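In the block that follows, a single chain appears as structure tokens, in the form predicted alone.
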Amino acid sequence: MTANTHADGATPTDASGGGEDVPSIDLPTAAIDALARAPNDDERSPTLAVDGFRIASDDDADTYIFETSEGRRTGLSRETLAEAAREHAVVVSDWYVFEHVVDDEGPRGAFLRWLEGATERLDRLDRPNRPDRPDDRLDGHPEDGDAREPREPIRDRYASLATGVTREWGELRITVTLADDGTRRYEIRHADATGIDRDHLESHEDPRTARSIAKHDADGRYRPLKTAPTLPTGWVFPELDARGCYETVETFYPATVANWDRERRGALDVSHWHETMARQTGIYGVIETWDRGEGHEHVEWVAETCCADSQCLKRREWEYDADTPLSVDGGDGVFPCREPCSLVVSAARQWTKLESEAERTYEFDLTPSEKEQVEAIIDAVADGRVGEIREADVYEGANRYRTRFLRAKRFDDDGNLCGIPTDPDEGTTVE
């Protein structure tokens, strides 16, 4: 990351602006130095052409050419180039931030651009023949319009950044704002903490702190799945820089940005259920035996159980195999799930053993209300609502007192429902 110091005597201004909603930028000296070096950074071309401006060097005269949609200046010295840059501080600042502060055209750079809606450049970067790659830089006179078209989106974006641009990533609420020198500041908090004053939240600075925050849910229970919608709230990272923002997000939700970026570029390498389970070895190798040539309904059950939005914030992209999609909805998450996760694999091992049992017929005597109560208990446990049912809500089937009453009435002293034992040879105890 390039250190920022403000230019001596620099006046925050933006002649290309003029709009009252576009903030003034105090362009740092580091940005002007980088701009002066830019034409010579690539030996293949003496011209840098990016969003909103072009700059070229005239080696014979030791001067610069600087062009925007408003005109073309030639014969600029280092000092007059700095003046021109300050007059167009918004576009120069935007180039400098992403080229030298963020300095990444991989997942981190793409994510930070996406956060603030800089998709106009992001889309072009993904094109095979993007016009702003060094190989495609233009020599001599740039064509009219090439430097003009991207300017307005940048100015609109800066106007939005002045008050803050907010995106949600899972349960994270990320707000990007502008510093006086055009660099970005990022605030990350839980989406449920929207509107809460920072002073009422626990403030953190170190991205590594996210690891301890994400370790347990609000009830203190360990969170084995980092993308489960159980992230506790009550905290804020108020003043992160670009790198700190990325590291914090990746600590809360590991690998989600990388997979999102792969998907965005059409390069997400999905590993479907069948091939993932075929790779399992050791105690997990048993899962492969679940595919008994009887269709893939069992995988539908697994996906419905583990991959719903209520259980995981990822959007499932894997299917049974490349030719056999699952009918269960994959969810609406912003970042994709490229393969069955370790939690799915672990649960599938248990279900593989349970589902190997042959079905038996048992007869129980239950009243209609008791049958409905059993169904209500299963629903409440599956949806994680048991803790929400108050002791006084005796009309709820999964109410603790109603459940205790059912057990007192229908269980024998050995815990058998209606006194009917389970044959030890048919038991469900699985290690």
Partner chain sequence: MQSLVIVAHGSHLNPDSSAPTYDHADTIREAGAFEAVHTGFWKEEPHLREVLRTVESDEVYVVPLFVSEGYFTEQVIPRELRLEGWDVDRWESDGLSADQATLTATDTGQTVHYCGPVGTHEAMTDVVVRRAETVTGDPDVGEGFGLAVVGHGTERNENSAKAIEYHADRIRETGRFDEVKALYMDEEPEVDDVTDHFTATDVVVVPLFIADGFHTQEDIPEDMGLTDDYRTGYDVPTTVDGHRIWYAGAVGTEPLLADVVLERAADAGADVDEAVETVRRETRVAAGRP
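Numbering follows the first chain given and starts at 1. Here the structure is a predicted model, which means the values were calculated and not measured.
Beyond the structure shown, there is the form predicted together with the partner chain, which is absent from this document and is the topic of what follows.
- Only one listed stretch (75-83, 233-241, 153-161, 214-222) carries heavy atoms within 4.5 Å of the partner chain in the predicted bound form, and that stretch is 214-222.
- In the predicted bound form, the partner chain sits within 4.5 Å of a heavy atom of Asp104.
- Mapping the unseen interface onto this chain, Ser271 counts among the residues with a heavy atom inside 4.5 Å of the partner chain in the predicted bound form.
- Taking the partner from elsewhere, Pro229 is found to have every heavy atom lying beyond 4.5 Å of the partner chain in the predicted bound form.
- In the predicted bound form, the partner chain lies farther than 4.5 Å from every heavy atom of Arg316.
- Here the marked residues Gly117, Glu168 and Thr183 all miss the partner chain in the predicted bound form; none has a heavy atom within 4.5 angstroms.
- The partner is absent here, but in the predicted bound form a heavy atom of Arg338, alone among Arg113, His190, His204, Arg338, sits within 4.5 Å of the partner chain.
- The partner is absent here; in the predicted bound form, the one residue of Thr305, Thr194, Ser310, Gln280 having a heavy atom within 4.5 Å of the partner chain is Gln280.
- Taking the partner chain as positioned in the predicted bound form, the residues of 325-350 that bring a heavy atom within 4.5 Å of it are, in sequence order, Arg338, Glu339, Ser342, Leu343, Ser346.
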